[in-house]
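As structure tokens, one chain now follows by itself in the form predicted on its own.
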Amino acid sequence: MFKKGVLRELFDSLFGKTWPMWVGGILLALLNILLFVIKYPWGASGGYVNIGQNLFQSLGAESLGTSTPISLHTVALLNIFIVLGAFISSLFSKEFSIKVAPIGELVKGLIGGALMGIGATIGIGCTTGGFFSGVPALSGGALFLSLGFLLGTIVALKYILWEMEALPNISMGKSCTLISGTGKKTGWQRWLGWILIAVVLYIFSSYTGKGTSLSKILGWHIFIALILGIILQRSRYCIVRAFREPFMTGEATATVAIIISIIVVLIGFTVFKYFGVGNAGETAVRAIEMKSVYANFWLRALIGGFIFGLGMTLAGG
């Protein structure tokens, strides 16, 4: 009984309250370093491209398809299981609900998302792969991508402030919440969370049990994605806030958390890029040095980052 009480107390401490963002940032940084060692640092936009290509292919648009299924694409699996991990975390904390925003916010979310997709394609990177992994990898293109994020954020904020004064009704209107996370009948959320944990662990075991190098890599990406999603949900870690809040509210909590995590990733990446991983030869070390370094220096990164910065600020995340 004592052990059960201790475990329950630990569980409640993890999922009963929000974690400090800097704690989440450090944990995400450490996991990003692990991804660097396993195959490649954390990214996102390439996975969405693969998911989109598979979707087009399933609809018969072979010219827009790909030969790599989602089940064999590491970044696509990362994206899917990060969302699933965040969903499980929200269930454990009994915070899950379906919230439908006013129509104006939905439209801005759609436009902002489209701008982010365009910006990530042009700039060859997003806030995850291009910034969170690219800057610590000392990529010159990542620095200009980040500058584009900053400029795009400033311009989009000026629009939002103008909209609030001139067109306040755009973001107002009817909203609703379905399956509310508050109330007495919420015990099902944690039961569903445990079921999904078991499912993810089964998938992880299925991949790693095949014995091939690729299947082991894919399996560990699934497991790490689960943890990434939980950390993101509990710490409310958001790179957009780091660019937006200093100009919008004057707060720097998110900015400080991002800086701390970038420094941790920078140290880890630098060590592996300098010494290699294991007994890597000279050719392998060179390949390691080029991880998260893209051919987007400098104008392409700046333009793509600017468009992405507009979109992420307009969409609100």
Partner chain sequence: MQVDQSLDCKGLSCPMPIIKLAKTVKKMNSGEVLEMIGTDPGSKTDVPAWCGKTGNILLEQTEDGGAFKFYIKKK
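A quick note: this is a predicted structure, and the numbers were derived from the prediction, not measured. Residue numbers count along the first chain shown, from 1.
What follows is about the form predicted in complex with its partner chain, which we do not show.
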Original post:
Just one of 241-249, 197-205, 214-222, 84-92 has heavy atoms within 4.5 Å of its partner chain in the model of the complex; which?
Top reply: 241-249
**OP:** Quick one: from 111, 157, 143, 122, grab the residue that has a heavy atom within 4.5 Å of its partner chain in the model of the complex.
**Re:** 157
Subject >> its partner chain contact at residue 5 in the model of the complex, heavy atom, 4.5 Å >> reply: no
**OP:** Would you check, heavy atoms only and a 4.5 Å threshold, whether residue 178 touches its partner chain in the model of the complex?
**Re:** no
Original post:
Taking 4.5 angstroms as the cut-off for heavy atoms, does residue 99 touch its partner chain in the model of the complex?
Top reply: yes
Subject >> residue 171: touches its partner chain in the model of the complex, heavy atom cutoff 4.5 angstroms >> reply: yes
Original post:
Out of 122-155, which residues reach within 4.5 Å of its partner chain in the model of the complex, heavy atoms considered?
Top reply: none
